[in-house]
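Below sits a lone chain in structure tokens, taken as the form predicted alone.
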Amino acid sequence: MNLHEYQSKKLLKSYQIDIPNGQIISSQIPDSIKLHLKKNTAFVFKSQIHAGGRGKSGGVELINNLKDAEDFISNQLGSKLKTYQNLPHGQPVNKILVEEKIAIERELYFSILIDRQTESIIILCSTEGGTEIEDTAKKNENLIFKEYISVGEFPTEQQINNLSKKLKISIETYLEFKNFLQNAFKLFLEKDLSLMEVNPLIISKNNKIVALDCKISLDDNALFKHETLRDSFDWSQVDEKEAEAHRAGLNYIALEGTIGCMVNGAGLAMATMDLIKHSGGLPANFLDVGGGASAETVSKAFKILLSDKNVRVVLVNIFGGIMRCDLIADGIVSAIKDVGIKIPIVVRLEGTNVEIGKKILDQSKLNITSADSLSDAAKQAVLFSKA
């Protein structure tokens, strides 16, 4: 689960990590900021969306007068900001973070994340903080510094010293850096984060370590322990169908194709999408209805699939392990009648009572094509999608 920058910084501040003084606005500019702008005091205006690349897309500006500030707010609030990370649709800007301008001496890159390959937590740092960190990682890996921390452990003095030397932290700033790193790591552990990225982490003119920008992602599996953070998630930042699926207890991700997919099991869903692509089609979504899919669950899933106007056919691929295929078939027929589906439905069933399930589908007299295999189902769906 992703947080907005302003939410991430609130967390940082609660762990004694310095951030710029700032204020969130969702409509008009507060009088306190107007007063400073009239005196040509500079502020950084930052549109809040769940995507990087805002600066290159006009979502971050340094402004020192009231007219430019009003223009920025007028152009950004209520619009969809598109960056290289959220194309093609962009994400809505509902809030803008206005922060003080800080005199920067140096920009660094700092992040903490889970490294599943080594089954450890990794701290990544670089002297090349800022907007081009991805290019730095590709072109000059020697400028990316790493320290691995075993799960349950804490960064040692030696590891902190190593990073400090590689980042060329001065003697005057070392204690600040050490406190920052320890507090950041504590936050990462206590809030069950999967990613914390501070870019840039700056050293100010007065040798202070300040988090100028921050991105935080929480582990979805641990959200039950952090209800306040869970409830603060901004659902406007995801596809409306994804939000509706979440409320219905379904796992759904919107894609750009024309073949709606309804599958039970994440692995089976991925295999289904691969076969659709292999057969010359494009999946419109990933949708896992779970192993115990009921008629009500299937009905909700159909409604979500059909809310995507690009969907021209639905491929249902269900393995009847926990539930019998005849019960699943009854649920599919009931859901189709309930929703009133007009487009073709291709169904592949496998498992207990599969023949009875197929018979139920065939006798329904609905626009259902029963497939004998997953490959057959994918080919049938692709043909319907291009008809």
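Keep in mind that this is a model prediction, so the values were computed, not measured. The first residue of the shown sequence is 1; numbering continues from there.
One more form of this protein should be noted, the form predicted together with a small molecule, which is absent from this view; the next part is about it.
Of the heavy atoms in I169, none are within 4.5 Å of the small molecule in the predicted complex.
The small molecule is not shown here, and in the predicted complex it never comes within 4.5 Å of any heavy atom of P92. Among heavy atoms of H50, none comes within 4.5 Å of the small molecule in the predicted complex. In the predicted complex, no heavy atom of G290 sits within 4.5 Å of the small molecule. Proximity to the small molecule in the predicted complex, defined as a heavy atom within 4.5 Å, singles out one entry of V44, C325, L361, L37, which is V44. This chain is drawn without the small molecule; in the predicted complex, the residue among E107, E147, E176, D308 with a heavy atom within 4.5 Å of it is E107.
Heavy atoms within 4.5 Å of the small molecule in the predicted complex map, among the stretches 28-36, 327-335, 57-65, 345-353, onto 57-65 alone.
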